[in-house]
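In the block that follows, a single chain appears as structure tokens, in the form predicted on its own.
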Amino acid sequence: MTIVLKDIVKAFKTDVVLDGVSLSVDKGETLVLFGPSGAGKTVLLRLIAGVVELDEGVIEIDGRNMDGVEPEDRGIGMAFQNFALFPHMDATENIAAPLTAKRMGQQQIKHTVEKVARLLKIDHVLHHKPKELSNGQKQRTALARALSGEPHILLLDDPLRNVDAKLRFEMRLELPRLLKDQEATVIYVTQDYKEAMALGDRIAVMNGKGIQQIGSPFDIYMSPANVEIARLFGDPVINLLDVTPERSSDGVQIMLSGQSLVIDDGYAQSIGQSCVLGIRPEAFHFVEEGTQGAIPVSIETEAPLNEKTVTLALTKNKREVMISRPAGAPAPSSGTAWIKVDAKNIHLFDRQSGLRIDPLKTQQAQGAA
């Protein structure tokens, strides 16, 4: 089933949470709503589910306007942060609730419950009541209940939030496969950017009462719409440095640690303007002294982070930059070093608005002029 939201507005008294939100989710697609706490992600899910009423706008499911349609008639499976388990039922009965409502046979119910419980690693607590479960087990039981009925639409509100790190990593690998097998249309809420990247066919980044950017995980990471989104995706966080593009004999350049970095001619419209240069830590790499375009830095410290090592360095102007490399890759650990970045891997943002400057758009604007 498809989901279409048009100009959604929701306020609680004078607090406007969502202001003109529009998006669509294709049949069988997993759309991740990602953003900080308070961005309106859970409210949007509850509006779609019908448990919170709209102030303005339209919600359509498979082309049908949901205005006046009760939550139980929307064909939606839900797993919210507050678990909402039946306290008098054990885990088996909670998970089986949607199947019992469909009057499914006992053997089929037993098979389905055990299958989803094994996947979520709660098969050992199936006979426990909610009060006997940890928060992580409660959350997985609520998720199992949402999955068991194989609904056409799944609304999942941070369902792995209370799960330990090891299981959370495993579920990032298992959940996409399960969701694809069910062919459900999924809206998944998370504040974990790695989870968003792993699970989403597309990601909608929410903040400031609406959606700031929608795109594939690759697009969001490689072409963030603004500085704020660039900061949200990546570990370590993106390097952000104030710069002013200049004209040089080689084209458009910016200065970094006293070294000229020639960038795309499409940035010519930004010459003389206050900008923010964004460079992902993994876009830097160490080179030998004398390498063309090498940027001198002073090594402060380095930290091994499992599969990578992160180096903190200072430019000549004492600006901090972080450099990430695969664990075990050789690099200087102290003193002066030289780093290089491919100009194709930079991001340029307007310092005042924070918006990403697209060189292609700049070139088109010049051509139109």
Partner chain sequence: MESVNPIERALRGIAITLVILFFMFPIFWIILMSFQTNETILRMPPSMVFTPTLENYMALITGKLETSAGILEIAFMKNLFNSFFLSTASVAIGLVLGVPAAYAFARLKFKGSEDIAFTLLSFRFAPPLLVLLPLTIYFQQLGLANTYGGLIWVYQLIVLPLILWIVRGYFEDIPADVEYAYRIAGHSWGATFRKIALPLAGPGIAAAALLAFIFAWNNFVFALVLASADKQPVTVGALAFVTASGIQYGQIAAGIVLSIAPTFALALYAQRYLVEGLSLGAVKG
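Here, rigid core means the biggest group of C-alpha atoms that superpose within 1.5 Å across both forms. Numbering follows the first chain given and starts at 1. Owing to the predicted nature of the structure, the values given are computational and were not obtained by experimental measurement.
There is another form of this protein, the form predicted together with its partner chain, and it is not shown here; the text below is about that form.
Taking a 4.5 Å heavy atom cutoff to its partner chain in the predicted complex, the contact residue among L240, V243, A225, L85 is L85. With the partner removed from view, the residue among R177, K166, K131, H127 that has a non-hydrogen atom within 4.5 Å of its partner chain in the predicted complex turns out to be K131. Considering its partner chain in the predicted complex, the lone stretch of 330-338, 298-306, 43-51, 311-319 in range is 43-51 [heavy atom distance within 4.5 Å]. Of the heavy atoms in A101, some are within 4.5 Å of its partner chain in the predicted complex. For E288, no non-hydrogen atom is located within 4.5 Å of its partner chain in the predicted complex, even though that partner is not displayed. Contact annotation for I76: at least one heavy atom lies within 4.5 Å of its partner chain in the predicted complex.
The closest non-hydrogen atom of S274 lies beyond 4.5 Å of its partner chain in the predicted complex.
Three-residue candidate spot D250, I263 and I279; no residue lies within 4.5 angstroms of its partner chain in the predicted complex by any non-hydrogen atom. Contact annotation for 223-243: no residue has a non-hydrogen atom within 4.5 angstroms of its partner chain in the predicted complex. Fitting the two forms on the rigid core leaves the C-alpha of A101 displaced by at least 2 angstroms between this form and the one not shown.
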